[in-house]
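Consider the single chain below, provided in structure tokens and representing the form predicted on its own.
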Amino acid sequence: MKILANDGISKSGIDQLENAGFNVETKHVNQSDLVNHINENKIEVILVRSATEIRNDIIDHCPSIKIIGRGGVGMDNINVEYAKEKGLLVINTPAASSQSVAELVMAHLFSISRSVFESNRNMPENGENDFKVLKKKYAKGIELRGKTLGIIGFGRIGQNTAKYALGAGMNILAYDPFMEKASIEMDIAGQKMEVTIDTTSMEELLSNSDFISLHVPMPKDGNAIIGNNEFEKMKDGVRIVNAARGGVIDEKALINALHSNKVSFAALDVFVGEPKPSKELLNNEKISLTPHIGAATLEAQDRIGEELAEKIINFYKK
């Protein structure tokens, strides 16, 4: 039985699959060549991340495929419902990357509260001659402790982000249309405690948050969750992080909000048009940038690979 991990898989995942008798191929195949490659090699399982799309052409023209797997949470690059209608198993790893994404969000929160990202751009080039100028420029940071973090989408990643933010002394406002409250278990120095957070309305979150972090899938209608209307309801000087999906924030509206100082700083790990983000975003001095690495820790990759392997093995055991 052959598996194509077209966007890669951890060695621990490969070992688990090979020990169970599967043949795992990890060489990336271009999107335009996928149908032919799958059919020529009789691939039964295709595993992807965000780089490869599994659309109707592959589902319709690759009869050997039994399982489509997504390493990560969001599956907007897979025609999930259509695949299920055709009798295919579609799997993902919703829990495996929650902690790693939450930690990246916290890294961005610290970065945009103290202008670490911009300082790191300017110090190598100007630090020797303009040290005092840069010191004065970046001496106007703010602390996270005591500030309110609004979390839009309060699933696994949102709740993990809340754990870290609570540990940093932040207050939490959470919006999620699918839940009224969530109990978060904190483990502090070996002592466990439970914090219950009641979700609130989007309007209250937008108007009362000092920082906002998004943890939502891309809406099916393709419309941004945060646009001009939402920015208008926010506090002046709010700071916002998106490590969810490119497009859940209207990028043009974000740039306008940055120009008007409605948003003082932003942090983006995801972009519309990946892998070619807008140059206007990339060149904006008020944006902390990472190239879609939310789940890209060694630990998360191991968890993702092992969870995919376990689900595949269990399917063939039936």
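Note that the structure is predicted; figures quoted are calculated from it, not measured. The numbering used is simple: start at 1 and walk along the sequence shown. Rigid core: the largest C-alpha set superposing within 1.5 Å between the two forms.
One more form of this protein, predicted together with nicotinamide-adenine-dinucleotide (NAD), exists but is not displayed; see below.
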query	finding
Segment that reaches nicotinamide-adenine-dinucleotide (NAD) in the predicted bound form - one of 293 to 301, 306 to 314, 20 to 28, 5 to 13, heavy atoms within 4.5 Å	293 to 301
Val101 within 4.5 Å of nicotinamide-adenine-dinucleotide (NAD) in the predicted bound form, heavy atoms	yes
Contact flag, Ile240 vs nicotinamide-adenine-dinucleotide (NAD) in the predicted bound form, heavy atom cut 4.5 Å	no
His108 within 4.5 Å of nicotinamide-adenine-dinucleotide (NAD) in the predicted bound form, heavy atoms	no
Residue contact check: Val263 to nicotinamide-adenine-dinucleotide (NAD) in the predicted bound form, 4.5 Å heavy atom	no
The unique member of Met234, Ile172, Val216, Ile112 whose heavy atoms fall within 4.5 Å of nicotinamide-adenine-dinucleotide (NAD) in the predicted bound form	Val216
Position in contact with nicotinamide-adenine-dinucleotide (NAD) when the complex is considered in the predicted bound form, options Leu206, Ala244, Ala162, Ile78, heavy atoms within 4.5 Å	Ala244
Residues within 4.5 Å of nicotinamide-adenine-dinucleotide (NAD) in the predicted bound form, restricted to 55 to 80 and counted by heavy atom	Val73
Lys262: Cα shift of 2 Å or greater between the shown form and the other one (core-aligned)	no
Displaced residue check between the shown form and the other one: Ile142, CA, 2 Å or over, core reference	no
